[in-house]
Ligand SMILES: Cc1cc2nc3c(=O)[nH]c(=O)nc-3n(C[C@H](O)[C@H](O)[C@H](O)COP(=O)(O)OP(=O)(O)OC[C@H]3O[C@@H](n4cnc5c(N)ncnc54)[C@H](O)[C@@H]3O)c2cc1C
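Just one chain follows, in the form predicted alone, and it is written as structure tokens.
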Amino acid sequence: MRKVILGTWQDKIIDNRHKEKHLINDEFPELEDFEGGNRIKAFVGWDGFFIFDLDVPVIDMMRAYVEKVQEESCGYCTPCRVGTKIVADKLRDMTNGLGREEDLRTIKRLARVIRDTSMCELGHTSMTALLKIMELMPKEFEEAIKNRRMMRKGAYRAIATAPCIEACPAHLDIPSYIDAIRGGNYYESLAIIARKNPLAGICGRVCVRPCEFVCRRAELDEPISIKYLKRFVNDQILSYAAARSKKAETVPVRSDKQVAVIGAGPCGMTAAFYLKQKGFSVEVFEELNEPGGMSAVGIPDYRLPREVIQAEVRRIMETGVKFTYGMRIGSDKTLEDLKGKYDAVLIAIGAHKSKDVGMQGEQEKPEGYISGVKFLRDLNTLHHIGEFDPPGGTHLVVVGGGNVAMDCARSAKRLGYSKVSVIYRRTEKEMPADEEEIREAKHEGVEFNFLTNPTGMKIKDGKVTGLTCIQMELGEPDQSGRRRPIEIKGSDFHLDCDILIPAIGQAVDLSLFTQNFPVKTTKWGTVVVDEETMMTDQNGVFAGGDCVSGPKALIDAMSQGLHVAHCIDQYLGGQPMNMPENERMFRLIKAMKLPQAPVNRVGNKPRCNLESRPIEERIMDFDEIEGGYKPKEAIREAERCLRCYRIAMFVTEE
């Protein structure tokens, strides 16, 4: 825990130097060390600062902060581009013992100009902490001018961030790639995305877009269409490159170390791509006969066309990553085999098993009962080649409230079932599925039965004929934060149906672990790793993605792929392993739970939405529902970005 001695945030002041009454909470329970024993002494941010140790070199701290602002300035406007440089120079002079009394007046005057007249949030927020610290600690600056001595330097960790960057699990530089689109620089935009995301075409279609839910543009009108701008720039470059047969450049092998990746899903492909960029030989082993993992066999083509996945993988292969399909680790090859041949092994097997609902009759597995994972897997691997045989019947019921349940229900409508129902034990508000998916399922004719839970199957002659259900009510919140569903006694009722698809969760297939090569797992059936290094209890064997975290969003698995590639690189280089410094800073910022200031701008420039195919047309096939942006639409949408950059800086002991 770090206790604030002096600080301010959004004009609220903490001053414990003389035990004066503070105005806001003065403790950060989750903030102690930056990393192992390296204490955090201060934090400087966009709406103020917090000092935890009075030994902090205050003026040098602000010099470092303003220099970082100047470094990140885009240069579009004079106040930020020129003003920050002058302020940084004046502060540097002061730390070198060359400050003059008029410098203080110049710094204050310029700081206000930068704050009030800059074109984006970087400039607007960059001088807040400086002005406040000069107000609350005037003697520090006056004595620096008077004494004219060289000041000691501090240890600083600074980062350019934004709400959307912090919300993205991969911490993609979203304002930067959007700004490149605004300028028509599509190759530059895709290159910025590729620094942390090699699957832009996939993410641009099925990402759950946590970035958009914190987009500050929503305070004015609507959030920026971040996801679809990513899709736009990927599709623009992909079609351009394909038309000219332009391939990705092969990355030369710069190391004699070899890495095996088990699983060609989002985590495995991401890790393989960045490990190859670092110069290693990488081979990916995939049980399926195609790449993509659950993104390929768990997401229908109307949301994510198969050719998009294949194009993404083709680009990864062109860099030199080798893919071996139809190879099940645990039977065709063992973990021992891989560990004996490769210098590091990454387990990224996802969560391809299904969970049972726990109702009567489920153990009999009657005809018409099929798990959501299997239903989608069979559909996505066989339908496009004309070999999928849908379960017979007219009324199909899906149990669950996540995206898998929505994919099952919407796919069922396209397969021609006359009635498709979703049963969920909470209300629509608590459903974990993407709001877009719920809305579109309703538009396509899927019926929803909320506050309903199945308790047993009706089975006749080995076939599903119906369900016994009970009505629910919501009680107190559970560990997930959602209100717990409670059965209403005596509210049982019968529901006729022919097909039942439980889609309430997924599990990890741990059969690749044997007595000869055990890997520690949790009671929930996931792989145990060190949070910092992503290594299992077997030296040189790492794990990431859904097999570690349990089923989560695609972008979460990709972020773990990025993290584990960093750690494997350190491991193979004989260096101490730890999480990337930027990732550590993002986690610390999140732990501080700093309030956001309201946006002081004019809105009334609505979002440009994608055009969808008519409902009566799209439910007849599995073709993609939306068309992408046209260039004029994408540029117009990119122009709505407020560029909410701000600088965060930690002052550490060393």
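Note that the structure is a prediction, hence the values are computed from the model and not measured. Numbering starts at 1 and runs along the sequence shown.
One more form of this protein, predicted in complex with the named molecule, exists but is not displayed; see below.
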Query raised in the report: Does L554 make contact with the named molecule in the model of the complex, using a 4.5 Å heavy atom cut-off?
Result: yes
Query - in the model of the complex, L376 touching the named molecule (heavy atom, 4.5 Å) - result: yes
Requested in this report: Find out whether any non-hydrogen atom of H352 is located within 4.5 angstroms of the named molecule in the model of the complex, and reply yes or no.
Outcome: yes
Query - 4.5 Å heavy atom contact, C497 to the named molecule in the model of the complex - result: no
Report summary line: in the model of the complex, the residue from P198, P502, G265, G83 with a non-hydrogen atom within 4.5 Å of the named molecule is G265
**Report entry** Listed residue that, although the named molecule is not shown, lies within 4.5 Å of it in the model of the complex (heavy atoms), from A180, I193, V446, V208
**Finding:** V208
Requested in this report: Work out which of the listed stretches, 140-148, 467-475, 420-428, 285-293, brings a heavy atom within 4.5 angstroms of the named molecule in the model of the complex.
Outcome: 285-293
Query raised in the report: Mind listing which residues of 400-415 have a heavy atom within 4.5 Å of the named molecule in the model of the complex?
Result: V404, D407
